[in-house]
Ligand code: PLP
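Heads up, the chain below is alone and in the form predicted on its own; it's given as structure tokens.
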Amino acid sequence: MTFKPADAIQDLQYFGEFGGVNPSISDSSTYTFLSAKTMFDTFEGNADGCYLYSRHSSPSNLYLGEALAAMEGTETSHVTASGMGAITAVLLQLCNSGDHIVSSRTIYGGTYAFLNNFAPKFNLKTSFVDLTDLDAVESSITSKTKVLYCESVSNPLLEVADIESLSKIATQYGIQLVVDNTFSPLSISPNILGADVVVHSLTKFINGTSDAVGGVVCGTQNLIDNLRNVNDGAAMLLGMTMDGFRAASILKNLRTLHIRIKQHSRNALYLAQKFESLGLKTVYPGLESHPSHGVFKRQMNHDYGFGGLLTIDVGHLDKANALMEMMQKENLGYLAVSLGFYKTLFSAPGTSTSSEIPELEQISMGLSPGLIRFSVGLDNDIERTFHAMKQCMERVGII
């Protein structure tokens, strides 16, 4: 049977404390016990259903975590205060001093900065490779390698990871495949394709309203137990705890994710096709011209399309900035980072979300100063939006 991630979310049912259709929010940092032994057992992780302290867990966080685990098809999950909180917790939990990570070279700038600049302080080394070159991936693995890390659809170049093939390599060498699925929730299910751990920035498509920051680690019960361990759990000891009110808010928005993703994907495909027809250098996984179009199509849950992210390359940063400023002035979206909002968001990654990557490295991976990343919104009339964007392009001399 085909995995239906939105159905898995829909099948969860929670009742509020007083019978509400939304679960009640627990507005407490600490919880009482009827016996001292139960408190001890809870500290040791041996008392299911008991709450101790909100840095450990809270009802709101667990409700959201259950829904996200259902969406990704994993045993369980743990929500965190941010996407970076999820990523750093997993990598620090799976690796020790002296270990090695093989990572995609095209990843979110914050993740790159952590792996390249921060992790070496703990003698944790990373090799950045072209994840679309499976031979290069395999040849980068050493006896010290513990993790193979990638994004389902990379930020910002929109390279598509062949998760099934990467999983086979990871299994062969006894390492963990960790996949950031922020750009493609519902569209791609990495765990079903063989990933060991799936992470998300909930801030983006999953929340969808640009009013909350959050992250999640989806994986085995053993992994999540280790992350929460009071003695050596990275999520526990580093304090990357999501606030219960934010968890409740994100859970409500998660229930409409399937509707929003379909519209984001429809609109992005329409704009990508139109931009390409204008002769613009356009990258979108749904275009047959995309080098990994076939890989995405083979891996995707077809109901949800190819996602809401596309890029165009206008050659020069000054032209990119002029176009983005013009589109914002004409109310076509916002010159802003992040993604998944109801309005289109656009930015030049080389000077924003990927600015942590050195300039020479940006050039070698093909990240041009004139690259504009679009997180395409939920516009009702995308044809009207395209014509207005085309006029902006004409006015700034791009077409």
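For every residue, the number given is its place in the sequence shown, counted from 1. The model shown is predicted, which means the values in this text are computed figures rather than measured ones.
This protein has a second form, the form predicted in complex with the ligand, left out of what is shown; the following refers to that one.
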Partner-facing stretch of 178-186, 222-230, 284-292, 241-249, counted where any non-hydrogen atom is within 4.5 angstroms of the ligand in the predicted complex:
178-186
Please determine whether Tyr108 contacts the ligand in the predicted complex, using a 4.5 Å cut-off between heavy atoms.
yes
Using a 4.5 angstroms cut-off on non-hydrogen atoms, would Gly305 count as touching the ligand in the predicted complex?
no
Looking in the predicted complex, any heavy atom of Asn155 within 4.5 Å of the ligand?
yes
Find out whether any non-hydrogen atom of Met84 is located within 4.5 angstroms of the ligand in the predicted complex, and reply yes or no.
yes
Among Met324, Val213, Val147, Val129, which has any heavy atom within 4.5 Å of the ligand in the predicted complex?
Val213
Asn191, Thr203, Gln299, Thr76: which sits within 4.5 Å of the ligand in the predicted complex by any heavy atom?
Thr203
